[in-house]
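Heads up, what comes next is one protein chain in two forms, each shown on its own as structure tokens, labelled structure 1 and structure 2.
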Structure 1
Amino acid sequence: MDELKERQKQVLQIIVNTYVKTVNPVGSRVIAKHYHDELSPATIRNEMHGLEERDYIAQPHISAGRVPTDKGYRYYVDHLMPEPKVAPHVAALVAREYRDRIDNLETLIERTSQILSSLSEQAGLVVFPTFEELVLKHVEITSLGGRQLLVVWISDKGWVQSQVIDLEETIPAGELARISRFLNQELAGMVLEQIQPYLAAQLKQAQDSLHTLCRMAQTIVCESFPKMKPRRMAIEGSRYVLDQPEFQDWEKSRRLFKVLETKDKLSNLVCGDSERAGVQVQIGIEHHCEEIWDCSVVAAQYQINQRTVGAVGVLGPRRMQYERVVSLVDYVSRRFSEVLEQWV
């Protein structure tokens, strides 16, 4: 990205901050007031012209002031935005929201999306972990008669998945109990997505009666293992975004509402690049989702036992208070991870 002169940086910062607050294009006279009229409007217009030529700002219509472009917002976030620090009162509010005991992971995730939404006054987003990313606490196997079994998978965070399966042969009750003990002794505490490769490796090494046990255990696991499903996402506060001036245009609001309803593209945006740590800011056309090119997504991943399993974020217009939102998303992602670590 181009390097800007010091005065151009100052002018761009004023334009971004003023436009975010007022939703009005920013003119040279408004900028001059920030310099206490030490610079003439003509001098400022010259700096604005340079910024416009390099696509950091744009003029929405003739005789109007200037507004930031996606490139301008990106430069602001990368180079001009103050170091994001969560305000003490925001940290206290987040801590208070997490203080109550919550016994259900789904409720905890919904609470987190509400926290993000209410404190940012934008749409708060939380992508659920997939079942495969969780840790196994216990597996229960119950005979339903004949060759039919009910297999219940229970994660350490309380999520439950069950599956009825039909086997090619009937397994005696004693042997079924032995398989159940074997699976729980071998697999408890293991990440679910690691289970099938682990059993396949065990089967190759096993001999005699242990080989038979491993083979039957692997068959039950393969038949009953939770099927991969599309990622779920909790969204709270869509109304904040739809009420913004940018979305008073019916077509824009319709496209945004469609993305918020379907959630598929949005969950991928929030999860972002799994190789990058920290808060990720995707501005306008950077996120390649045409329906919400008028929006930015600020997101960060959360972890369980040092494993990234999901993400939290905020969606709002490109004209957002980036410092405030970035600090909030960063803080909530870390606090949410801590709550998950402690929560059983």
Structure 2
Amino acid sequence: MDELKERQKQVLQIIVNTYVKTVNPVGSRVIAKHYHDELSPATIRNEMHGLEERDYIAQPHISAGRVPTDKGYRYYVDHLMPEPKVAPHVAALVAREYRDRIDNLETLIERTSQILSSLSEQAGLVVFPTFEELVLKHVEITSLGGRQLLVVWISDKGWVQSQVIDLEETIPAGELARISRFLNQELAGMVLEQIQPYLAAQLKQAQDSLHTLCRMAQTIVCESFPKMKPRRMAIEGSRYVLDQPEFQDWEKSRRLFKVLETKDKLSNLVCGDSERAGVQVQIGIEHHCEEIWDCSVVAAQYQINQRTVGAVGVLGPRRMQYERVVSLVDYVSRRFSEVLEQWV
């Protein structure tokens, strides 16, 4: 039932391609031209009628051409679109952006978002990694003199988080060294998010000689442990979306920018089903964010050590070149994973 006849598929494909290019509703005559006058507009109209009945296309108004619906785009992406393959020059451009070593995670992420944005000519999105899932490699404690300590947490993939803390009392250097040794023995190799519960449990059953040591260690860890922040994200190139003709409408652009600034909503959207791997395309209202029902989101998760820690994506008008964008997001998410992994 949901199966389309061969020619209907062709017509739908032509409509999507043409509409994406021209922004104008596509009429029967234009489609007929694709058949080099082997078919008349009237025939095409019959096919279109079928497509419209089954909700793949719609008319903005009664005497206009046809425009793909969400369902139409979905069918296009699932069945009609050519296999997304990243263009060589795009790959080259991405590679070049990643070539020179970037020294800082924030910058790396911003850069990635810019790459996505400039190559797709849409808004680029990168959700910061949750480092809670990373494995602790080393914790370094240094006295800054007085009652100040510098504590540096180093995870397996070069993710470094440092924190200066104030203590109630000074700790002798010897004690500090012991604490440091103790912490590294106990905690190295653990997944970050398990550390605090584990240490709390340890402390409970330690009523013996290690007691004071444990308390101090606990204090230091509590004060300096990297906080689980609300999921940050980097958004670049939102201006590209504003350039699209459909956003000449003031109300639409206001709604869009409202969503872009409440990043929590957006990050859920980009992260999507954490189950499914690969690129996910959410067309129009499929993403359930009403304010931007006329936008699509193409996103993919990225990994460190096979663990999914975040996602990258592109947001643009529903009328987008899905093949190009999907291939780009796919490629960038892979390269970004690699860069993160080698990033020690």
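For residue numbers, the reference is structure 1: its sequence is counted from 1. Heads up, when I say rigid core I mean the largest set of C-alphas that superpose within 1.5 Å between the two forms. None of the values given here were measured: they were computed from a predicted structure.
> Can you tell which of the two structures I gave is the form predicted alone?
Structure 1, which is the form predicted alone, differs in this respect from structure 2.
> Is Ala188 one of the residues whose Cα moves 2 Å or more between structure 1 and structure 2, with the core superposed?
Yes: Ala188 shifts by at least 2 Å between structure 1 and structure 2.
> On a core-based superposition, does Tyr198 travel 2 Å or more at its Cα between structure 1 and structure 2?
Shift at Tyr198: 2 Å or more after core fit.
> Look at Lys258 and decide if its Cα position differs by 2 Å or more between structure 1 and structure 2 after superposing on the rigid core.
Superposed on the core, Lys258 moves its C-alpha less than 2 Å between structure 1 and structure 2.
> Can you read me the CA shift for Gly146 between structure 1 and structure 2, rigid core superposed, in Å?
With the cores aligned, its C-alpha sits 11.1 Å away.
> Once the rigid core is matched, what's the CA displacement of Ala177 between structure 1 and structure 2 in angstrom?
Its alpha carbon moves by 3.5 Å.
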